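The data below hold one chain only, encoded as structure tokens and taken in the form predicted on its own.
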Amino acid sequence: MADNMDPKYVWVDGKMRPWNEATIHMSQVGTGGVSSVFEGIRAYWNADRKKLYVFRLDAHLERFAQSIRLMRMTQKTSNAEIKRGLVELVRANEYKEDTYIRPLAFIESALFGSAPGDVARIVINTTPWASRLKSGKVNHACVSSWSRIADNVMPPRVKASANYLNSRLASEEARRNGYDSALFLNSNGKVSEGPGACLMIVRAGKLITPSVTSGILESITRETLIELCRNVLGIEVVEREMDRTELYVAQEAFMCGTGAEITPIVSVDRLPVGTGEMGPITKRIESIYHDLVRGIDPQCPEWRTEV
């Protein structure tokens, strides 16, 4: 891998291309971004086995296709072809470390409003990105003054680049005011999610998370943790609307997502969450998740794609 971390290859419309040749004209950057949808996918390195595992690849590609459809673009490349290309790309770039993979679909057009049915260009890029699982990292969060976008405005279940302006505004406000991250309320005043990550809290031994109709992205990590808690750890999970004050009386809280993985929240609006430290249920969830994504725990082999 080069010192500047650029990969050797990028996958563009079904073909592997050298990094420096994967270009579009400068005039397309802004307009292409309006239509673009993407996925964030992690691959985890198992040092003992010398193997790299892509986590929940099929689920990510299904959501990718859903986003393309909801943006009314035409997907000419099948998910099976994208999957083969993605694995070949990661292998060609010779990663032996935790890696982030981003498939991106967009319309190459000089117009901001492209016509329905336009064929999406599909690009896959990769970069090293070390996991923070079991690193001890925690977050101090605030409730943002910005509301989460609503389904009739810019639907959050579409993983669209344009939606992240909402996230950027909230994140910048949080950092400016001395917090690590933000939490959104939706247009109904209920808790939604954070910028780029879903939220889970613990109350009376139960895991509670806002419903998928609360203005959240239908997170694959969230779905994974719900299944693990219910079927493996024996933790009751409740999906429902959540009030702001529940954040202040929770015993534990954490963000979850491909990028966030599992990030404990130890205070909200400068009120400690529980003891002000990572809680025992969060630790149990983080531990099993860490072992699953790296292939240390052999359960759920269908979730791991070996490169």
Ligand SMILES: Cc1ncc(COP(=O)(O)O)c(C=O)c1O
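Don't overthink the numbering: it's just position in the shown sequence, from 1. Being a predicted model, the structure only gives us computed values, none of them experimental.
If you look for the form predicted in complex with the ligand, you will not find it shown, but the lines that follow are about it.
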Query raised in the report: Heavy atoms within 4.5 Å of the ligand in the predicted complex: which stretch among 251-259, 266-274, 66-74, 43-51?
Result: 251-259
Report task. Classify residue 128 as contacting or not contacting the ligand in the predicted complex by the rule of any non-hydrogen atom within 4.5 angstroms, answering yes or no. Result -> no
**Report entry** Partner proximity in the predicted complex: residue 196 to the ligand, non-hydrogen atom cutoff 4.5 Å
**Finding:** yes
**Report entry** Interface membership of residue 219, the ligand in the predicted complex, 4.5 Å heavy atom rule
**Finding:** yes
Query raised in the report: the ligand in the predicted complex: within 4.5 Å of a heavy atom of each of 290, 294 and 303?
Result: no
**Report entry** Those residues of 135-159 which, in the predicted complex, come within 4.5 Å of the ligand by heavy atom
**Finding:** 148, 159
